[in-house]
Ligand code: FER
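As structure tokens, one chain now follows by itself in the form predicted on its own.
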């Protein structure tokens, strides 16, 4: 795995704040924001692929930027020609900052990321694409995330496959059947994923999954069984160690616990392949 080291590049992208509002269950509006990375040389007359990159549990739209060198990794990747320029959106899946009083309740967290699926479709993507020069096709959109952001990514695969063609779940498994379901309910989870792809009218040529975690990451015992079982479903998931081939990829990183400072390396590693081909 190619690792990112800080690059002192001159062609730096910029971060802008996008403010928008969402409707809550009681009909009231909640004010929200997302941080949007625009690549160096951003041209409002062009059209850019867009990655939606989701934070982990307890986080917010600033988490990736505050806790890792993700911006420098994007700057360096684009400046060195490792990948084509793309927009990166850092949203938040909470409507209000979470209050931590003890152990995180898995069902509450699951509820937040499920609700966020409608926000993606109805508020966030329209807000991004009305303000920025983003490619509006599903081939031009990718979604990924860390930890609960990885869980969010799997739910996007299940509920919003018509919006995205590329998925990057990092250190987070599918919670369709409850918390940590990728490990606890592996067979049911993978069968449901399979069925949902077909129910949404798609097949194996219509998506790519770039997954990753670390051997020391607390997510490894649940994400790994899910991926290993998906590999067996060869009529839909074509696993390959080469990110340019197949539609399912998985990287386990050494010396990588459950931290933004480690997991952002997967974004750096996968950046050249997210929008490298149009199926």
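Numbering follows the first chain given and starts at 1. These numbers were taken from a predicted model, which means no experiment stands behind them.
We do not show the form predicted together with the ligand, though everything after this point is about it.
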Report task. Report yes if all three of 172, 180 and 218 come within 4.5 Å of the ligand in the model of the complex by some heavy atom, otherwise no. Result -> yes
Query raised in the report: So in the model of the complex, does residue 68 come within 4.5 Å of the ligand, heavy atom to heavy atom?
Result: no
Query raised in the report: Given that the partner is absent here, does residue 148 sit within 4.5 Å of the ligand in the model of the complex, heavy atoms only?
Result: yes
**Report entry** in the model of the complex, residue 222 touching the ligand (heavy atom, 4.5 Å)
**Finding:** yes
Query raised in the report: Looking at the partner-bound form in the model of the complex, is residue 214 within 4.5 Å of the ligand by any heavy atom?
Result: no
Query raised in the report: Of the residues 61, 49, 39, 57, which one places a heavy atom within 4.5 Å of the ligand in the model of the complex?
Result: 57
Report summary line: The listed residue (163, 104, 79, 114) that reaches within 4.5 Å of the ligand in the model of the complex by any heavy atom is 104
Report task. Would you mind picking out the stretch of 116 to 124, 196 to 204, 164 to 172, 129 to 137 that comes within 4.5 angstroms of the ligand in the model of the complex, counting non-hydrogen atoms? Result -> 164 to 172
**Report entry** Heavy atom contacts to the ligand in the model of the complex at 4.5 Å, residues of 1 to 27 in sequence order
**Finding:** none
